[in-house]
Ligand SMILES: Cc1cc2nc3c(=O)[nH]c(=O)nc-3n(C[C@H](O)[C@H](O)[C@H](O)COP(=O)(O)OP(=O)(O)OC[C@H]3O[C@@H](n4cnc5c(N)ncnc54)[C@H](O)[C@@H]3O)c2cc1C
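Okay, so here's just one chain, in structure tokens, the form predicted on its own.
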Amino acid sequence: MKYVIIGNGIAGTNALESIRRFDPEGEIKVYGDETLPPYCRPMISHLLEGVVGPERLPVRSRDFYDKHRADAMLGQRICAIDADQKQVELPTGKTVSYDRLLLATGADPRPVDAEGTDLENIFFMRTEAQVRGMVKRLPDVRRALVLGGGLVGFKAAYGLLRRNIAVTMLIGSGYPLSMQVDETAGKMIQAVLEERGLEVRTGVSVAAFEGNGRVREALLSDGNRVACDMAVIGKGVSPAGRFLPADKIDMETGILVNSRMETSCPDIYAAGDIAECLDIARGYYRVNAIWPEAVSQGRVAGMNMAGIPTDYRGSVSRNVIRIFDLDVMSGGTLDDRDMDDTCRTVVFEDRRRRIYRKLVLKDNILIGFVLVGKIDAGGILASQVQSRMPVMLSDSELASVDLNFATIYSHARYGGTTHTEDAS
């Protein structure tokens, strides 16, 4: 059996391990853009922050591929797939045949429509190499501009603030992390960041970057200008699938896969940030580009590729973040578009202690939550979202900051109407 894995991130890595576990003799070839062994992509923000060095990022040893008897052709991006002939094509024109193919190419940063993006000191923040480039330039940076208030933009802004660099953030929504938290939590996060020097501007974008070889200023869509020695583009990502045969592989936002991570094309699988599968909380297909799901999807894809039928239940979005001394965790969905008349919301807020929690239930099933300031129950709530078991607690018990595993599973009554407490 000939296996080809495109992508050497955590999804491709876990697929490789699963294949080799169940098929000791098959031929495995791995292609990846980056030349490094598998590393922890979520930790590149800590590299920017300065709390870890590059040596802390790898999650597998340099002899990982040798140990698993896999041929790793790193630093090479596949440019085309011939699904009929079961071949992948390299930029050199060389073709490589496969019996089973895994697409684990991840996602590429979204560019911005602005002039001057070719100036020095303008970065995306997607790879270890990009962050190392940013760190190298930091001694000459006094003021940075961050485009986007999502996870990438937030992590860039936070890391730069920790380096004592003044940061201006431009976001389209009214508060940071609007895709992960609600407005109340977002404003709490913004307040903490502003206390540390962050400047937030909403409703504006960059029209042009200006400078003499190196960026020095940004012209905004409202006509104002912002001085900057560095700019970070964090406007989200798009699944890296432009090379795929659109007539063979069904795609929406990402590649559509079934419970066995199979695409619409026979013997082609997908996993990780490029795969679009069932979102358990929302009840429809969605790309949830987070590390734990990429791990699970890679394992399931590898097992099925090796002939071991295995189902993937679906994904649940979740994030845990520390903003200076404020902890935040969210999971499932808080999006109004996912709500209907069967939903109810449970809220608790203690402004003095900077504690906030919001839980959303649909027919007594937890579908989303955000915790700020005290997140001990986050793991329990994430498991509850994933299990889709009815919550047998009153709203006041759910809102309690003392909620724990025993409370969740030892009660046998359903909640009532919306309960809101404000201890300010």
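A residue's number is simply how far along the shown sequence it sits, counting from 1. Bear in mind that the values here come from a model prediction, so they are computed numbers and not experimental data.
Although not depicted, the form predicted in complex with the named molecule is the subject of the following passage.
- Though the partner is left out of this view, Tyr31 does reach within 4.5 Å of the named molecule in the predicted bound form, counting heavy atoms only.
- Contact between Leu256 and the named molecule in the predicted bound form is not found at the 4.5 Å heavy atom cutoff.
- The named molecule in the predicted bound form is not approached by Leu16, whose heavy atoms all lie more than 4.5 angstroms from it.
- When contacts are judged by a 4.5 Å heavy atom cut-off, Lys155 counts as touching the named molecule in the predicted bound form.
- Only one of 224 to 232, 268 to 276, 203 to 211, 169 to 177 places residue heavy atoms within 4.5 angstroms of the named molecule in the predicted bound form, namely 268 to 276.
- Proximity to the named molecule in the predicted bound form, defined as a heavy atom within 4.5 Å, holds among Arg163, Arg77, Lys187, Lys86 only for Arg77.
- Just one of Leu398, Val385, Ile44, Ala377 comes within 4.5 Å of the named molecule in the predicted bound form, counting any heavy atom, and that one is Ile44.
- Proximity to the named molecule in the predicted bound form holds for none of Gly53, Gly159 and Val328, with the criterion being a heavy atom within 4.5 Å.
- Although the named molecule is not shown here, in the predicted bound form the stretch 1 to 26 places heavy atoms of Ile6, Gly7, Asn8, Gly9, Ile10, Ala11, Gly12 within 4.5 Å of it, in sequence order.
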